[in-house]
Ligand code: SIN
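Below you will find one chain, with nothing else, as structure tokens; this is the form predicted alone, and questions on how it binds or moves follow later.
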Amino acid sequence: MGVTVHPLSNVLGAEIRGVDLAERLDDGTIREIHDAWMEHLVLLIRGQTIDDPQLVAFSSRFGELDGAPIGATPSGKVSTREYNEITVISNVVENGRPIGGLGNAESDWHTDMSSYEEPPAASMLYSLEIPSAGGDTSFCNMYRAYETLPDHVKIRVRDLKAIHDATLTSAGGLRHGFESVTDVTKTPGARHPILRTHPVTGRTALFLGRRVNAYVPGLSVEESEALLDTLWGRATAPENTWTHTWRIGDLVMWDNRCAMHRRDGFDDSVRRIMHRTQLKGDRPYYAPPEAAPTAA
């Protein structure tokens, strides 16, 4: 029957059925998956049995792959031994050393590696071992977050940027080689526009990265905090989110340019092993659409 697309919520997310990622998919099937991805922001493909080379091969059909980011471990990166393109997300410790990053703690809302000048465009996460409870991943629709803002807030943020903190992992751990931030006006990290134009769809999304240590240059700390609280409140409101409960063999792919995500914590005595790839992105930009709201 070929590829079929099944929406998972009225917010974002769709399940792709009818594909076996262990096989090389034809170009037409890849285009169908890509088109569904651009429409639904997050895709779920269940019941897969693939190895690292197959994960890399499938991921690379959508663009050039990025390397693993710097983590909180003394060794810095948490890629597999064979593939720098695969980041290991795990709480497992072997021979006294963690085999991956982020552990079992709750992971705050974030956009992957947004502290980079050119953050990854997208991420793909494949589940190898999962706990029976906990570790769910939630996503929020940043197109909708922008579209539901009052016009005066849209106008206010149109020319503003935010600093995206480089010091912390999404689980709150201090990245290797960084010092804790004591003054958010000096937060290290890229400065990205708060509004972002998606280079494929042309739609406008909020682009926030992560909340801790964020700062809007040009505003007082108090003004920055108040504005960011407003934007984050809209982006992560329950009516703007969808949550995925993992099964072994799930592959979830999300667009970092228009979706944020977070993870629930889980029992550290239970193993969780996931392998992630990421597509290289470009520098975020904002090109106002013709229908952008104007000041009264």
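Residues carry their position along the shown sequence, with the first being 1. A quick note: this is a predicted structure, and the numbers were derived from the prediction, not measured.
FYI, the form predicted in complex with ligand SIN isn't displayed, but the following is about it.
Novice: What I'd like checked is whether 146, 153 and 234 together line ligand SIN in the predicted complex, meaning each has a non-hydrogen atom within 4.5 Å of it.
Specialist: No: none of 146, 153 and 234 comes within 4.5 Å of ligand SIN in the predicted complex.
Novice: Using a 4.5 Å heavy atom cut-off, which residue among 163, 130, 102, 195 comes into contact with ligand SIN in the predicted complex?
Specialist: Contact check passes for 102.
Novice: Report yes if any heavy atom of residue 272 sits within 4.5 Å of a heavy atom of ligand SIN in the predicted complex; otherwise report no.
Specialist: Residue 272: contacts ligand SIN in the predicted complex.
Novice: Using a 4.5 Å heavy atom cut-off, state whether residue 85 contacts ligand SIN in the predicted complex.
Specialist: No, residue 85 is distant from the partner.
Novice: Taking ligand SIN as it sits in the predicted complex, is residue 246 near enough to touch it, meaning that at least one heavy atom pair lies within 4.5 angstroms?
Specialist: Contact with ligand SIN, yes.
Novice: Residue-level question: is residue 169 within 4.5 Å of ligand SIN in the predicted complex, judged on heavy atoms?
Specialist: No, no contact at 4.5 Å.
Novice: Choose one stretch from 226-234, 49-57, 260-268, 31-39: the one whose residues place a heavy atom within 4.5 angstroms of ligand SIN in the predicted complex.
Specialist: Flagged stretch: 260-268.
Novice: For a quick check, can you give me the residues of 115-147 that have a heavy atom within 4.5 Å of ligand SIN in the predicted complex?
Specialist: If the 4.5 Å heavy-atom criterion is applied to ligand SIN in the predicted complex, 115-147 yields 125, 137.
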